Ligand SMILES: NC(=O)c1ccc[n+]([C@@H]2O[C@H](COP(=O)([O-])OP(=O)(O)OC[C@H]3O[C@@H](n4cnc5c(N)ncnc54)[C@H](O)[C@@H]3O)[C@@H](O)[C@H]2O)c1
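In structure tokens, the next block holds one chain alone, the form predicted alone.
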Amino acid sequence: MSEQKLRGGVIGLGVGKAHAKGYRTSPDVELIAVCDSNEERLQTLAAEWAAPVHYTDYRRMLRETPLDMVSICLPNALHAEATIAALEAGMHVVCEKPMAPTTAAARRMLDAARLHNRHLMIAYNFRYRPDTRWMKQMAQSGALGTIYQANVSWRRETGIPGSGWFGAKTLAGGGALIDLGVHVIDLSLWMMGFPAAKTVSGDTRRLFGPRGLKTWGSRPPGQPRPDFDVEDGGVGFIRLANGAHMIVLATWAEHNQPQEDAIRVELQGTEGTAVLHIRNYRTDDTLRFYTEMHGEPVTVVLSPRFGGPQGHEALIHDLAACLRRDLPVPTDGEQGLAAIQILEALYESAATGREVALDG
């Protein structure tokens, strides 16, 4: 292992702020360059972080600043373009979720990574919580027996973006499913060891967004948003190659408990069921394990210890450590592709009203 730290950069300083924290606190990488099209935000954050160089043009940054790894935190439709440019410049890439709006774009990213012998990693930050990691250990250890069903959801009572690119299909690729659903789809696949998806059925609805209802951000409540052309909710049914199936639900808006923002992953097995339920990003009371002992039902309440880096910060620490020590990276692009294939099939099924079969 080289004694010299890796050189890191962040492109896009929205969610990129969370990436930057990881670069700034990691013992294996230092933040060298940042880029954002908003000049005022760029100047403020570059000064706060003491970033040596900053740009409003990411291509110029990639051309002029030698970096070992870079985070791509741009609108979804720009992920492939910026990722491929960084890979061509010889950098390892951490791309925000979703990997890309389409399978074709995701495959181009993977092809570029192979061609240039660089790592492509996806920023699945929820894998870096003690409760999700416990769930994965339970699933992989066999404690649940044979997992036959995964029920996954991310449901927001009020959560439609009131402005910005999230409501525009040309930039986002979709709405609640690709924004929120991608996380819980990935978590369940990751916990189960990435079984292949065989068939996908889905449906979507756009009921609140066009009327300007249940928005957060800059738009006044009830003001119609004519540019909103993505779903504010969607559902799906996925048959998996290992014989299990997944039911997915993602909503930006619904009539529910006020301010509810809940992530749920439930894995049902022949020997037990494990449930992850994160309400409003809490770290307490998130886990249950249901089983039987001596013929009687048993409920186990888990309290994993939270402390130290988590989420994006822990993810950047982990990836930088793996790169510096030449170890396999844990959130590789092939895993990112798995969720994109399912999402693309969900949207196709919703548009055609038919089940979609996936190759392989």
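This one's a predicted model, so the numbers in the text were calculated from it and none came from an experiment. All residue numbers refer to positions in the sequence shown, first residue = 1.
Unshown form predicted in complex with the ligand; subsequent notes refer to it.
A heavy atom within 4.5 Å of the ligand in the model of the complex is found for exactly one of Met121, Cys73, Leu189, Val230: Cys73. Of the residues Thr132, Thr286, Asn125, Thr215, just one reaches the ligand in the model of the complex with a heavy atom at 4.5 Å or closer; this is Asn125. Comment: 53-61 is the region of 53-61, 298-306, 323-331, 23-31 lying near the ligand in the model of the complex, near meaning a non-hydrogen atom within 4.5 Å. In the model of the complex, the ligand sits within 4.5 Å of a heavy atom belonging to Leu13.
Although the partner is absent here, Phe237 sits far enough away that none of its heavy atoms falls within 4.5 Å of the ligand in the model of the complex. Contact between Gln310 and the ligand in the model of the complex is not found at the 4.5 Å heavy atom cutoff.
Within 4.5 Å of some heavy atom of the ligand in the model of the complex lies at least one heavy atom of Trp165. Against the ligand in the model of the complex, the set Asp68, His92 and Arg108 makes no contact: no member has a heavy atom within 4.5 Å.
Taking a 4.5 Å heavy atom cutoff to the ligand in the model of the complex, the contacting residues in 32-47 are Cys35, Asp36, Ser37, Asn38, Arg41.
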